[in-house]
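Below you will find one chain, with nothing else, as structure tokens; this is the form predicted alone, and questions on how it binds or moves follow later.
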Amino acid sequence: MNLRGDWGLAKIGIKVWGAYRFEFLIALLTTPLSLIIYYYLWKSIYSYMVAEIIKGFTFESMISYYVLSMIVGFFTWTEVDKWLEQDLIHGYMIKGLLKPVSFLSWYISLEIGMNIMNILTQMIPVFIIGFLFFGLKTASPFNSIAFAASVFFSFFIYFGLTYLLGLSAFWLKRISGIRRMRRAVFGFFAGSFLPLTLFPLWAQNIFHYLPFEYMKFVPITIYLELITKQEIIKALSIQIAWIIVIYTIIHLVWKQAYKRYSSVGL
């Protein structure tokens, strides 16, 4: 690992973030509005059902769930599939292949640079807003550390799956439709829209065999202390296993993509 080189790429990512900073600032302004909508929506649901707990969630923990969902989302956000598509279309791919760093490391470092700015400008402010206005509470030291580790692993799972989809551009060239579908599918199965415990038990059992819940739902349940320490250790182990599986597949697919790029001259 070349820390100096990786940090140099991360700084490029920070510059790329600067080019899109207006979009990020708009997201920061709309986040409190989204939280207000969720707050009153679930307040109405709990009042209508005359229930203090729904599927293991109190009203306070349900609101905290959405605060944490946005926080995790800022950390794991990536559009590497978009960068791959654009680099292929505009012919920038050859420059990346000539650099003395692996193609995968190049994009990971860029995304880390952008996410550093996401953390500073969006994730931390949302944490503060959550504590001050939406009842977010501090987790225990063990759960806080486990949450941080889980979010870290979540980034690599989310990035890896998005990168895999991005590699399809070597065959399809234009993948804007796939990218739009990716956002919807990832958001749904990761628990961005609804906690996965609200789904039928048979659906939850299916979710356990997919990597998506480990991108958002699992880190949130760890922070909210909805699972035991043994379950937390198991969840972190599964995240690591998914990372190994996903990046092994990336390695295999990349070999085929590189062969196609070299032989066809995309």
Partner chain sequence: MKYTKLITRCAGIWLMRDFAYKYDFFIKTLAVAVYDVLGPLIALFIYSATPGLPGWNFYQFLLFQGTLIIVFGLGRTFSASLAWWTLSAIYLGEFDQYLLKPYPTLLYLMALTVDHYGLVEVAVGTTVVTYSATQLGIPLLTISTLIYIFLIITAFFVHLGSNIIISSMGFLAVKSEALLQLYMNLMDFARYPLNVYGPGLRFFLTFLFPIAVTSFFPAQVLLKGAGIKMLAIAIIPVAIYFTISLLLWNTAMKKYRSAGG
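Numbering follows the first chain given and starts at 1. Just so we're clear, the structure is a prediction, and the values are computed from it rather than from any experiment.
The same protein also exists as the form predicted together with its partner chain; that form is not shown, yet it is the one meant from here on.
Peer 1: Among I145, L132, I119, L194, which has any heavy atom within 4.5 Å of its partner chain in the predicted complex?
Peer 2: By the 4.5 Å heavy-atom cutoff, the listed residue in contact is L194.
Peer 1: Sort through L210, L33, A241, I233 and report the residue having a heavy atom within 4.5 Å of its partner chain in the predicted complex.
Peer 2: Looking at L210, L33, A241, I233 one by one, just L33 meets the 4.5 Å heavy-atom criterion.
Peer 1: So which of 105 to 113, 136 to 144, 165 to 173, 149 to 157 is the stretch with heavy atoms within 4.5 Å of its partner chain in the predicted complex?
Peer 2: Stretch with heavy atoms near the partner: 165 to 173.
Peer 1: Any chance G91 has a heavy atom within 4.5 Å of its partner chain in the predicted complex?
Peer 2: No, no contact at 4.5 Å.
Peer 1: Do L41 and its partner chain come within 4.5 Å of each other in the predicted complex, heavy atoms counted?
Peer 2: Yes, contact at 4.5 Å.
Peer 1: Please determine whether M181 contacts its partner chain in the predicted complex, using a 4.5 Å cut-off between heavy atoms.
Peer 2: Because a heavy atom of M181 falls inside 4.5 Å of its partner chain in the predicted complex, the answer is yes.
Peer 1: Whether K55 contacts its partner chain in the predicted complex should be assessed with a 4.5 Å heavy atom distance threshold; does it?
Peer 2: Flag for K55 set to yes.
Peer 1: Need the contact residues for 188 to 225: heavy atom within 4.5 Å of its partner chain in the predicted complex, sequence order, or none if there are none.
Peer 2: Residues within 4.5 Å: F188, F193, L194, L198, F199, P200.
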